[in-house]
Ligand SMILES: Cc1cc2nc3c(=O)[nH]c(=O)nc-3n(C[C@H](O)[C@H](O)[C@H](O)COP(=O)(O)O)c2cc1C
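Here you get one chain, nothing else, as structure tokens; it is the form predicted alone.
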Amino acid sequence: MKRLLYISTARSPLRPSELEALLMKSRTANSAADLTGMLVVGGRRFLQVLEGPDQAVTTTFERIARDPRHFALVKLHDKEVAARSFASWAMGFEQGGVSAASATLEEQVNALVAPIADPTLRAYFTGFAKTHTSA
């Protein structure tokens, strides 16, 4: 099983309806490919982790890399893992810059990643959320 984490920048801000359509499509495709993961959006920056069968992760990342809506894709973490950290999520999602009734992006992401055993993976998400809380 493979886990891949990357960061990218959207060429232009996505409207909420565009982001919702992207999430719905991703969740359907990820479920069919036995992929799980999480996406955090801060302004125009995206931090996403994909995990699952090696070929499914690789194929999905290659498709994402060809998507003209974003650029500057950088792999931050790409390794074999024994177990999933996001086993119950076809694609968990949090977004900065949207007024939350009770918590900041940083607080929401910290709560979501608290159970993750891999400290490096957890640090990528908490650091991203801290930087993009007001994005």
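Remember, predicted model here, so these are calculated numbers, not experimental data. When you see a residue number, it is the position in the sequence shown, counting from 1.
Heads up, the form predicted together with the ligand isn't pictured, but that's what we're talking about next.
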Original post:
Heavy atom to heavy atom, is Thr60 within 4.5 Å of the ligand in the predicted bound form?
Top reply: yes
Subject >> Distance check, Ser85 to the ligand in the predicted bound form, heavy atom within 4.5 Å >> reply: no
Subject >> in the predicted bound form, Val109 touching the ligand (heavy atom, 4.5 Å) >> reply: no
Original post:
Is Leu39 close to the ligand in the predicted bound form, meaning a heavy atom pair under 4.5 Å apart or at it?
Top reply: yes
**OP:** Go through 1-23 residue by residue and record those having a heavy atom within 4.5 Å of the ligand in the predicted bound form; state none if no residue qualifies.
**Re:** Tyr6, Leu22
